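Just one chain follows, in the form predicted alone, and it is written as structure tokens.
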Amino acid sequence: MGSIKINNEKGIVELSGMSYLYVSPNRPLNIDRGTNHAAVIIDGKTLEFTRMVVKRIRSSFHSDIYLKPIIILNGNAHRDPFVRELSDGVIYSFNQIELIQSQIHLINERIKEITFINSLSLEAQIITKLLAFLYSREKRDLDPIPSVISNTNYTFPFLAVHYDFKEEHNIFDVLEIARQEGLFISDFHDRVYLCSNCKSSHLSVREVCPKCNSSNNETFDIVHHFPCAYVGPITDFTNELDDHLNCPKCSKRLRHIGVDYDKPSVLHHCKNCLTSFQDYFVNARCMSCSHDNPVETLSPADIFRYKLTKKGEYAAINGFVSTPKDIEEIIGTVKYDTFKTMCKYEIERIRQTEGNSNIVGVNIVNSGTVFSKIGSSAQKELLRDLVASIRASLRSSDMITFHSSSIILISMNEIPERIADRIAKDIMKILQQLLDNNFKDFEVELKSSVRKLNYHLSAELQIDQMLNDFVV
């Protein structure tokens, strides 16, 4: 067994040439440091802390972070289905690291086989992440997990980390897109019903008064007295002196059910509005938004088990290009490949003329949160508005493209870097004002970068350098 070196101050564990980032509640959390290590080891004694760290890692859109192997130290938190689904193993002491090193090595080697391709839709980015995660773990099955803390009562943890509690129903749309694309085959598992207002499955089903919707009701048997044919609620036949039943019409005692009388139906009485009725209405009150749904208005959602197909495995390795929801063309932009080609030509031109040209990047830092809140349709409108605002500040010869749904790239040719920097700052002010006007409930964070094109370096390298400016 190799010698274990533990640096408690830095939170680093080393063994047999491999290093691990150790995360615990008593030290500052910096998930980005995990990119430099073979795996992340999380102190699992506290479930809330463990869930928070696991979610932070898996919800990242940086492949070096979200695919990082996660090991739970101490099995308490690992018993949680959410943690167990998103982690890669459990150890009970640092001495057991050697027992899982081969598994960690295998995951990291399979990650190296994956080609990562950016997409403009949030749905496609999440599907790309899911495919990569399953492939790197040699998993083919994706099963729903019953969960009382899921807003839909079933959860797919790797997908759920990308959505707020009230937005979890969007997971069903993402999985349906993946199934339609042939990346998964599905098998029916269960059906849930969602609130028509907020899509939550946390419902309280109640029988209510058809007049006032109150559930404060009581029920009585209807009694039919055979000899005199009197029909009425059982309260008409009772008295305060004894427990016998007497007919209010003919005063005879009712002795034997089926001989003297029967109970053909029931009568309900509302204590709220004092209405009597024979048939309840059935309503489902949403525990998330308090909306009272007649059960016939609930939205059914089928829950499936999924299995990765050969096409899905191929897409995991070679990159998932697009979905029908991708934004392939937005007026005022060019495709990313076209942008790279034009940058290559521009580099060749300034090599000969010693001119000045620049590339500018605009990053929506918290795009995952923004897009999950507004949905795909509003996302497209937002991106169109951003492009229109940027285009209004540029010359017709300047180009705009999307590297991903969160990063916009702009070419500014034949102007000094200081002028490009000033234009970029003006654009940022305009965009921030646009976003602030549209989003009152939360802040949309923007970041920009300006780089002068260098004819000694390739276009791909210079674009990659700019993208690295936006790595969180």
Partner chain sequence: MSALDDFISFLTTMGFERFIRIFWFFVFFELLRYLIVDIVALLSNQLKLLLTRRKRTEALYRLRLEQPLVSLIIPGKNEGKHLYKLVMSLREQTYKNIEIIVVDDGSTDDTPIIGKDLQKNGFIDKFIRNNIRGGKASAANTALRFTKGSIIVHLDADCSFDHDAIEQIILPFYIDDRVGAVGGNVMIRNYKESLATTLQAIEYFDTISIGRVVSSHLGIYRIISGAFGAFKTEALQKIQGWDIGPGLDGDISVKMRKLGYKVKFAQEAVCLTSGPNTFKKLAKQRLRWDKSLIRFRIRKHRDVFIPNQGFSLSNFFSFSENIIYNLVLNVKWYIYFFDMINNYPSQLGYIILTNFFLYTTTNFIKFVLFSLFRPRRESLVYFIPYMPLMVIYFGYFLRIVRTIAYIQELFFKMSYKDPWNPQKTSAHAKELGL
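The structure displayed is predicted, hence computed values, not measured ones. So that the term is clear: the rigid core is the largest set of C-alpha atoms that superpose within 1.5 Å between two forms. Residue numbers count along the first chain shown, from 1.
One more form of this protein should be noted, the form predicted together with its partner chain, which is absent from this view; the next part is about it.
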Worksheet, complete the sentence: Exactly one listed stretch (356-364, 177-185, 265-273, 70-78) reaches within 4.5 angstroms of its partner chain in the predicted bound form by non-hydrogen atoms, and it is 265-273
Discussion item. Just to confirm, with a 4.5 Å cut-off on non-hydrogen atoms, which of 243, 381, 138, 279 contacts its partner chain in the predicted bound form?
Written reply: 279
Worksheet item: Which listed residue (145, 222, 287, 198) meets the criterion of a heavy atom within 4.5 Å of its partner chain in the predicted bound form?
Response: 222
Worksheet entry | is_contact(residue 109, its partner chain) in the predicted bound form, heavy atom dist at most 4.5 Å | no
Discussion item. I'd like to know if residue 212 sits close to its partner chain in the predicted bound form, meaning any non-hydrogen atom pair within 4.5 angstroms.
Written reply: no
Discussion item. Would you classify residue 296 as touching its partner chain in the predicted bound form, given a 4.5 Å non-hydrogen atom cut-off?
Written reply: yes
Worksheet item: With a 4.5 Å heavy atom cut-off, would you call residue 248 a contact of its partner chain in the predicted bound form?
Response: yes
Worksheet item: Relative to its partner chain in the predicted bound form, which residues of 47-82 have a heavy atom no more than 4.5 Å away?
Response: none
Fill in: Large Cα shift (2 Å or above) at residue 286 between this form and the one not shown, core-fitted
no
Discussion item. Taking 2 Å as the cut-off, check whether the CA of residue 102 shifts that much or more between this form and the one not shown after a rigid core fit.
Written reply: no
Discussion item. So, superposing on the core, is the move of residue 246 at the CA at least 2 angstroms between this form and the one not shown?
Written reply: yes
